[in-house]
Structure formats: structure tokens, C-alpha cells
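A single chain comes next, written as C-alpha cells; it is the form predicted alone.
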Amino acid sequence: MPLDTAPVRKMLRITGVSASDPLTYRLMEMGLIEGRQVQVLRRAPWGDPMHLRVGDYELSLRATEAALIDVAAE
């Protein structure tokens, strides 16, 4: 499932990142790489942006960027 549709507070594992080259590298630089655990902590009232925990740090992503990341339940 894409990360933008993932449930809040559930531990997930990244299974792939499908984006254009510059964006793919930027997402990977932020730690969003295949095999890494990710958790959606909360969403803004309109669903954008999303607050995530990746490893031992937190970040925010736009829903359009999160849609490019495929995840699976742990």
C-alpha cells in the first residue's frame, strides 16, 4: 500500500520508493529506503502534510511524496 493511505500509529516497513530521479534520491537521503521501519504519527486536518517517524527521528512529508513510497505491515 502507498504510505499516504497507511493507518496512523501502525509500524510499517518500506518495500519500495517509486519516484523520479531527483525526488527518489532526496527521499532516500531522508532515510526512506527499502527495508526501513516507518510509522505515521499523525496527519494534518486535511491530510497534508503527514508527520512520520523513520528510525530514531521524525519528519514531515507531503501526501503526494508519501504516495510514492510503498509500505507493508510488520
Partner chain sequence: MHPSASGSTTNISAGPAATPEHGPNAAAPASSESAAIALVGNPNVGKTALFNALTGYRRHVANYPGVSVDLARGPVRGASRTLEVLDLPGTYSLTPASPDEAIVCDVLCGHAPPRPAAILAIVDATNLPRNLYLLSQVLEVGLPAVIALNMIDAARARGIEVDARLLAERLGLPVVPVIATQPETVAPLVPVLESALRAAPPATRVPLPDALARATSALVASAPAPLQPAKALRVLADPDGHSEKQFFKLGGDRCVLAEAREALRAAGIDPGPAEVRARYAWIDRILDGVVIRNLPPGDTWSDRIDRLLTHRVAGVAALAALLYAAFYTIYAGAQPLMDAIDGGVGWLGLRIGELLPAGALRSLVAEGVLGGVGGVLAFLPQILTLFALIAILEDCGYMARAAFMVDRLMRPLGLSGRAFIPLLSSFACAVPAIMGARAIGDRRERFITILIAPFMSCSARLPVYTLLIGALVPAHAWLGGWVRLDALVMLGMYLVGVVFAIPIALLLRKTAFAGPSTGFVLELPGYKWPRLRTVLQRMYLAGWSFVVRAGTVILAVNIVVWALGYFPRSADARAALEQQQQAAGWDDASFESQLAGAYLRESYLGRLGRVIEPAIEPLGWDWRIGIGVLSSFPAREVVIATLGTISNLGEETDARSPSLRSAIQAMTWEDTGKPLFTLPVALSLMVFFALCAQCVSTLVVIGRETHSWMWPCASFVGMTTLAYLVAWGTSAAGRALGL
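Positions refer to the first chain, counted from 1. No experiment lies behind these values; they were computed from the predicted model shown.
Same protein, other form: the form predicted in complex with the partner chain, not shown, and the subject of what follows.
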Should Arg62 be counted as a contact of the partner chain in the model of the complex, where contact means heavy atoms within 4.5 Å?
yes
Do His51 and the partner chain share at least one heavy atom pair within 4.5 Å in the model of the complex?
yes
Using a 4.5 Å heavy atom cut-off, state whether Val38 contacts the partner chain in the model of the complex.
no
Can you tell me which residues in 25-51 come within 4.5 angstroms of the partner chain in the model of the complex, by heavy atoms?
Tyr25, Arg26, Leu27, Met28, Glu29, Met30, Gly31, Ile33, Glu34, Arg36, Leu41, Arg42, Arg43, Ala44, Pro45, Trp46, Asp48, Pro49, Met50, His51
